[in-house]
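The chain below stands alone and is given in C-alpha cells; this is the form predicted on its own.
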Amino acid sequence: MGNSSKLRLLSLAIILALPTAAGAATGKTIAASGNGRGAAPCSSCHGADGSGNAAAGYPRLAGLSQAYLVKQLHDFADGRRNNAVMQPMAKALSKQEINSVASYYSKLKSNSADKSKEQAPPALGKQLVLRGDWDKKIPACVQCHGPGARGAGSHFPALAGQYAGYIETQLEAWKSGQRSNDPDGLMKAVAERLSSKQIKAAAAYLQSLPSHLPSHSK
C-alpha cells in the first residue's frame, strides 16, 4: 500500500471517530452543565460521579448500561415512565444527546455505597435474589438481571450496589401500577406477588452486592 493510500485510510478513520468523540464530550458536558435548552445538569441530582443520592431518592447511574439508560430517557420523554422531574429533562434532550449522556454514564465506574454502618442483609433477601420463591411464582432476580444482578440488555438494569430505598420505591411503583414501562408486564407481575417484607429484604441484599466485578492482578 502506497503512502497516499495509507493517508486516505488514516483520514477516514479520524473522520469516523469524530462523532463518537464528540458524543462522549457532549454527554459529559450535559451531565455537568445541562444543555441550555431545558435540561438541567444531571449531576445536580445524580452527583458529579453519577453515584446518586440515597437520601433524596436519586439512583446511581454510573455503570448502568447505555441501552438501559437510553430506553429510560426515551420512556420519560414519551410519558411511558411517569416522573414529574425527569420528564421535562428528558424531553429537552435530542436523540443524540440522550445517546451521549447514556454512553457517558455507562462508562463511569460504579462505586458501591459505604456499607460500614449497615446491618447485614436478611437471609430472605439472598434467597429471593438468587433463588426466588417458586411457591409464590416469584423468579430469582438474577434470572433476568444477570449474574450478580449486574444487568442484562435494555430492559433489565444492574441492581447490584443500587440504593435499597430506590429499589424499594420502584418495586412498590410496579406493584401499584404507577410504573408500567416493563416488557409484557413482567415486573408488575413479579412485584404484585412480593410482600412489603420481601421487597425490603431483596432491596437490602441487592444493595449489599458489589456493583462491579473485582479486578485481579495478572
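Values in this document were obtained by computation on a predicted structure and should not be read as measured data. A residue's number is simply how far along the shown sequence it sits, counting from 1.
Quick note: we don't show the form predicted together with heme C (HEC), though the next part is all about it.
Contact with heme C (HEC) in the predicted complex, judged by any heavy atom within 4.5 Å, is made by just one of 77, 124, 144, 108: 144. Taking the partner from elsewhere, residue 157 is found to have a heavy atom lying within 4.5 Å of heme C (HEC) in the predicted complex. Although the partner is absent here, residue 96 sits far enough away that none of its heavy atoms falls within 4.5 Å of heme C (HEC) in the predicted complex. The shortest heavy atom separation between residue 148 and heme C (HEC) in the predicted complex exceeds 4.5 Å.
Using a 4.5 Å cutoff between non-hydrogen atoms, residue 52 does not count as a contact of heme C (HEC) in the predicted complex. In the predicted complex, heme C (HEC) lies within 4.5 angstroms of at least one heavy atom of each of the following residues of 145 to 176: 145, 155, 156, 157, 159, 162, 166, 167, 170, 171, 174, in sequence order.
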